[in-house]
Ligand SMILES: Cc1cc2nc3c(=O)[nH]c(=O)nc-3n(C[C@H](O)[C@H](O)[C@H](O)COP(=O)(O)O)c2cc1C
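Next up is one chain by itself, shown in structure tokens, the form predicted alone.
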């Protein structure tokens, strides 16, 4: 027979969730931390807990015939320690938390990921434990975030796993080149090379209200990418969306102000409306200043609305450069699951050289899609820099890193000239521009 120490060491390598098992006897609440919890059956709904027969809580569950299971979240290690008797001399373990009751009257933790209210249906001997099988009378899924895990005799969170593949889109190149005085043909050529390399390019911004054909650079850039799925346009109405679709742009982007629930709802309505248009293959809602909102709740509330709107992607835009690695981590741990199955896309700025650090944090938090700008022309993370990072991490991408680095190098060596003044004294990107060398 296996030695007890070896058996314990092997079991310590098996990760499990962490729960608080509660019961009530003569009106008095009792609870303990337990990881030996499992589902048994869906029809009827049954679960099991295994309790050491030497524990005081074992006798309480046996005599009461009822128990509750509260599944703990990643930020509830202190609750786990308290109910495991590891928090020192605590007068009442239930203090400091809010609790509800359901069918059996046992306490159920309001802040848990979820809870189950159970009546003991069977009790089977299991060596020095008893296997209690409970019939689930009520349940509630309260939160959508990462769970608390028990592994190697300690509590923690999911290990960070990098994705196998990441995709990129460039939403700043065309507008940056045009605003800095580049001629339309050079904009078209540069955007064409980026699109042909496997990166989606925003080729038109229609939100200013000008028709696509009248934009000094738009008409030329529209044909830049290799196919429709590698072209996108920024729009703010169904009319502008139709104008873009009629020119062969199948991916549509529109912005939502994370501070304004009405703006988020308008974007959601537009996404639902465009979902029925056969000419669109993508509907990207951009949540502006997602990392500058007060706390994470406004952003999470907006993501919840947009995830049910018909959007094919939700882009969290670090518009003002407020993102830090801790903020990115904290928001994404909840946001990725909340948005699922709609993928999140991040547009991060390179303020204080934190851009790639934030990207790495996002990659390890479950985000696989990023908006960048070739050369970092508008302050966003530079496309070529991110591709080099992905290469070092063995994360593959459809983009041709060599071709893009060549284009980025020419941008650096031959920067566009400043916009020339127009006759009325304002800058005009089409007056005496400095052309890029041929690519």
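Numbering follows the first chain given and starts at 1. For clarity, a rigid core is taken as the largest C-alpha set superposing within 1.5 Å between two forms. Predicted model only: the values in this text are computed from it and were never measured.
Keep in mind that the form predicted together with the ligand is missing from the display, and what follows is about it.
Listed stretches are 86 to 94, 285 to 293, 339 to 347, 312 to 320; the contact stretch with the ligand in the predicted bound form is 86 to 94, by a heavy atom cutoff of 4.5 Å. Taking 50, 377, 389, 408 one by one, only a single residue has any non-hydrogen atom within 4.5 Å of the ligand in the predicted bound form, and it is 50. The contact residue chosen from 115, 254, 150, 132 relative to the ligand in the predicted bound form is 150, the criterion being a non-hydrogen atom within 4.5 angstroms. Residue 32 belongs to the set of residues with a heavy atom inside 4.5 Å of the ligand in the predicted bound form.
The ligand in the predicted bound form is approached by residue 55, whose closest heavy atom lies within 4.5 angstroms of it. Interface residue remark: residue 64 is not counted as part of the site for the ligand in the predicted bound form, having no heavy atom within 4.5 Å. Though the partner is left out of this view, residue 155 does reach within 4.5 Å of the ligand in the predicted bound form, counting heavy atoms only. Residue displacement note: residue 192 has its CA displaced by under 2 Å between this form and the one not shown (rigid core superposed).
After superposition on the rigid core, displacement of the C-alpha of residue 382 between this form and the one not shown stays below 2 Å. Relative to the superposed core, residue 373 shifts its CA atom by less than 2 Å between this form and the one not shown.
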